[in-house]
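Next up is one chain by itself, shown in structure tokens, the form predicted alone.
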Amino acid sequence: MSLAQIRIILVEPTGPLNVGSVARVMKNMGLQQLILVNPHCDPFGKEARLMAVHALNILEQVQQVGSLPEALQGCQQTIATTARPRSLSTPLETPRQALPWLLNSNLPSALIFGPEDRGLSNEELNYAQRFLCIPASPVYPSLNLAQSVAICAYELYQASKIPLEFSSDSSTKLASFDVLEGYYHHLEAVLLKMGYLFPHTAKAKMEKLRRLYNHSNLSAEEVALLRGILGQINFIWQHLPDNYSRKS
């Protein structure tokens, strides 16, 4: 996979200077796809263009979307950045450990960065399979958005120069974002119908289930198998006798 297939996704960026700086470092490191989720600034304005310098083509090709799932459509492997562990059960990795994985794919992959003021929420982190944190001095560990992208872009560029152990057969079988999202919606619907999930707790439990499955790197074939099981469970549940106690 080439660097050109990796999407750099900025969620709700507020600073046009940051957006322009990100475009510049992306061009420095051979990255081409910049996607902004619900931006709170003008990515085509004077400030952004000033910082982009000779990377105006990256700015001019920016895609703006309304949600993170929309930005991830068609992606196979996704990494999210975070500054702290929060409640994640998946361990945090360094850019050097995690980022080469994005290159080991035949389909688009994505690297997600959160808003400057808050970072990615737990809900947004649920869309990623792996998480990275940039090590920094504990005296002042907070990095600017453009600085964070620059560090990750550099590591991606360096990793792209190293031959990877790559199997196209195993990689192409990994479930894409779209396939996984379809499964999660199917699973939630069935579990709600069965009474395992309740509307007021469904979100929290589904977050845990998403992390479990994302950590497993399911293949498309495995997802199809799981959806077949859900379909059979749903069929049986719909044909239970009326006098059967579904709470028992």
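The first residue of the sequence shown is number 1, and the count goes up from there. In this text, all values refer to a predicted model and were calculated from it rather than measured experimentally.
Omitted here: the form predicted together with a further copy of the same chain. The next part is about that form.
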query	finding
Close approach of Ala175 to a further copy of the same chain in the predicted bound form, 4.5 Å, heavy atom	no
Close approach of Glu155 to a further copy of the same chain in the predicted bound form, 4.5 Å, heavy atom	yes
is_contact(Gly195, a further copy of the same chain) in the predicted bound form, heavy atom dist at most 4.5 Å	yes
Residue contact check: Glu123 to a further copy of the same chain in the predicted bound form, 4.5 Å heavy atom	no
Leu103, Ile79, Ala150, Cys75 - the one with a heavy atom within 4.5 Å of a further copy of the same chain in the predicted bound form	Ala150
Contact assignment for a further copy of the same chain in the predicted bound form, among Ala220, Ala202, Val65, Leu209, heavy atom within 4.5 Å	Leu209
Any residue of 134-159 that, in the predicted bound form, places a heavy atom within 4.5 Å of a further copy of the same chain	Ile134, Pro135, Ala136, Ser137, Pro138, Val139, Tyr140, Pro141, Ser142, Leu143, Asn144, Ala146, Gln147, Ala150, Ile151, Tyr154, Glu155, Tyr157, Gln158
